[in-house]
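Just the one chain here, the form predicted on its own, laid out as structure tokens.
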Amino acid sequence: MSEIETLLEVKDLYVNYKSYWYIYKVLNGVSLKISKGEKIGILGESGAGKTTLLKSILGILPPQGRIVKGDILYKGRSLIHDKKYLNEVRRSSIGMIFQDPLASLNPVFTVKEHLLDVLKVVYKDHNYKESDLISIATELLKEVMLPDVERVLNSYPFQLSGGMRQRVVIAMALASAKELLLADEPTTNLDVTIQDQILRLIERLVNEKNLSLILVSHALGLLFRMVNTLYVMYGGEIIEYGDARKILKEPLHPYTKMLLISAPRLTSSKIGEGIKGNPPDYRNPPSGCRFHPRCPFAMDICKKEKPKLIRIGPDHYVACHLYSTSDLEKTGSGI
């Protein structure tokens, strides 16, 4: 993929969180790329570092979070080392849908006030009157299929249902998402029927506006249908990535296999047992492969050396010592 085609590139990113007593080593050398119009998914257990990755891209880590190594490039320019450029990108190129709409909306401001605050920043170079911005806000709410827009504009977040609040958050994200939309488990706090409506809404808007998409989700069916490329995260690392359908049908990494097996299925009478053991403690993460304490196939080398992402067939990469150099000679080269 050439630099011209690449919209966003995360390069060898390390992120730590500092508390009073400890340093939490969360992201551990994460790299990914997304091109214009591409849709990628990120899959992994809670605590895998998915939200930290998205917040790092937008430059909105909490005060205790710090990028200690690596870079994030948007159209070839650093978002980490050029704060002015980061602000331009956040204003006119990237939007984000957060997990919890209540945490994203201030309870003492109306929907109109929320949207106007966003639009004043997005269109600061235009000499728009407030009436013009209200018209844009109205159109955004109509795009996300909200009924009785006038009432919604003058409502406070607590006066709306969960699904309506999430549609407002999507409208706010669309105001600045001209090229790339980040969606961090956008249906976590919604019931099943509303989840499907919101996901179909996001899918339609992304396709209509030809946006690139980074979607964090536990919904395997949605990832299978909606994204082109899937990244699997464990313990702050990318442990497998490639064509989404191929990974979901033929996973290679032991963690990915166990994750898919543990997912509940309507056609099964058994309840998934889950993956035995606990996610890594980021205060003192395991050496070598961070999954080795829970992996039934762990070898001595897994405890000592962090596996590198290697190519196993077309459009499929895995970071696991089970796939040796001899395997690579048959299927492809490492990266």
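Start at 1 with the first residue shown and count on from there. Keep in mind that this is a model prediction, so the values were computed, not measured.
One more form of this protein exists, namely the form predicted in complex with a small molecule; it is left out here, but the text below deals with it.
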- [ ] Report yes if all three of 17, 49 and 64 come within 4.5 Å of the small molecule in the predicted complex by some heavy atom, otherwise no.
- [x] yes
TODO: With heavy atoms only and a cut-off of 4.5 Å, decide whether residue 38 touches the small molecule in the predicted complex.
DONE: no
Task: Interface membership of residue 212, the small molecule in the predicted complex, 4.5 Å heavy atom rule - done: no
- [ ] Answer yes if any heavy atom of residue 99 is within 4.5 Å of a heavy atom of the small molecule in the predicted complex; otherwise answer no.
- [x] yes
Task: 4.5 Å heavy atom contact, residue 185 to the small molecule in the predicted complex - done: yes
Task: Listed residue (26, 289, 30, 57) with a non-hydrogen atom within 4.5 angstroms of the small molecule in the predicted complex - done: 26
- [ ] Name the stretch: of 66-74, 30-38, 49-57, 293-301, exactly one has residues whose heavy atoms fall within 4.5 Å of the small molecule in the predicted complex.
- [x] 49-57
